[in-house]
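Have a look below at one chain only, the form predicted on its own, in structure tokens format.
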């Protein structure tokens, strides 16, 4: 059978990744390509360099569009981050909506020179391009939903973004959700038929090697991720305070950047734990690997988490994990401790118990390793290819 040709739109990619979407796009594209799919991947590129980490196959070609788009932008952060000079203002959009329209036009122009069987778009900034290309080409449109405006906003929904997602969901031929949690949110929050939505969980490449942990005299509890409202960093800080009221010899680490970083530093100072919590800011990949080696426990207290790939990474590094019940990753990793994100008392109790009772932690870790052995990007890519075939046949 002739290779399926996919026109794919993403909005971040290694080494210029801010969140998990870059990792997912890279690993999924790589796995699809290794199974014979030919991909033209269109991405926004910032700065002067088009030096991207090219996937080592002959099946993927990457086309960059000079753009100011990046993950987690909203109208306010776009205006704040990009104070454009007169020359730049002639090129880039004066606001986020204008910049998305500019990216869409450039993407459509590229698409008219490409041969493809279907369109595969990752998250909302790429949806307008996908819809316009579907309209002129007649090719099927597949939307890959890693998060929705309902997740990001935590109740303060931006109507422009919400309506952009709603319009795209209605026009798509198929939707991939990264979890049943996300599928249900799309179905209920946007009134989309569940029959239109397929769940394909994210994955990691687990090497099967059990990591030997370095046990510190001082236990380390880790939060790793963007410091944004939907990630629940304030619940981590408040749980830390309750733990430290009983157990003093623990260090809490908040690794990651984001708009809530200054607020979290202030909170830690105000509740008197500034000497017990370390804020690292955003980490490079090699620094993330090192911090996983040091951690004794990982906590993901998200208010709304479509998946949570860092949980799989932590488990693969031999770290027991506590996850919010409002997360998709618990659908594939049963061997973890679950809490209501708002219940800082229960979170604190679980942190103390896990750090105190080593045999329980070791049992959880061993069982998590068994689950990770059945998770791979190759398997998930096979599911995606089956969806491709159903759309083009």
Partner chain sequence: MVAVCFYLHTHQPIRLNFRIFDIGKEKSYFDEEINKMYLERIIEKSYLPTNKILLDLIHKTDGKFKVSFSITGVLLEQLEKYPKVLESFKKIVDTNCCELVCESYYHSLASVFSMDEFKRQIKQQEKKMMEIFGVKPKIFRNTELVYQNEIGKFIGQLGYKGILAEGWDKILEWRSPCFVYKGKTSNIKVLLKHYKLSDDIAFRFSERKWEGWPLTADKFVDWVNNHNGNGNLINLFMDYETFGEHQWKETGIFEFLKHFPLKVLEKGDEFVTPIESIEKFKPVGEIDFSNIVSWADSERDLSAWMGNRMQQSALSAVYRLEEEVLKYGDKKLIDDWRKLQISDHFYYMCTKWFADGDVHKYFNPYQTPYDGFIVFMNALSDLKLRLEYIKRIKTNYMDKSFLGTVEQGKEFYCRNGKVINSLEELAKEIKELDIETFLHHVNEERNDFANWIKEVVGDMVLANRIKRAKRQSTMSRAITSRVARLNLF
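Positions refer to the first chain, counted from 1. All values derive from a computational prediction rather than experimental measurement.
There is another form of the same protein, the form predicted together with its partner chain; it is not shown, and what comes next is about it.
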Partner proximity in the predicted bound form: residue 349 to its partner chain, non-hydrogen atom cutoff 4.5 Å: yes
Heavy atom to heavy atom, is residue 246 within 4.5 Å of its partner chain in the predicted bound form? yes
Does its partner chain come within 4.5 Å of any heavy atom of residue 366 in the predicted bound form? yes
Touches its partner chain in the predicted bound form: residue 335 (any heavy atom, 4.5 Å): yes
Non-hydrogen atom within 4.5 Å of its partner chain in the predicted bound form for each of 343, 353 and 371: yes
Interface residue in the predicted bound form among 226, 276, 152, 242, criterion: non-hydrogen atom within 4.5 angstroms of its partner chain: 242
Checked 285-304 against its partner chain in the predicted bound form; residues with a heavy atom within 4.5 Å, sequence order, are none
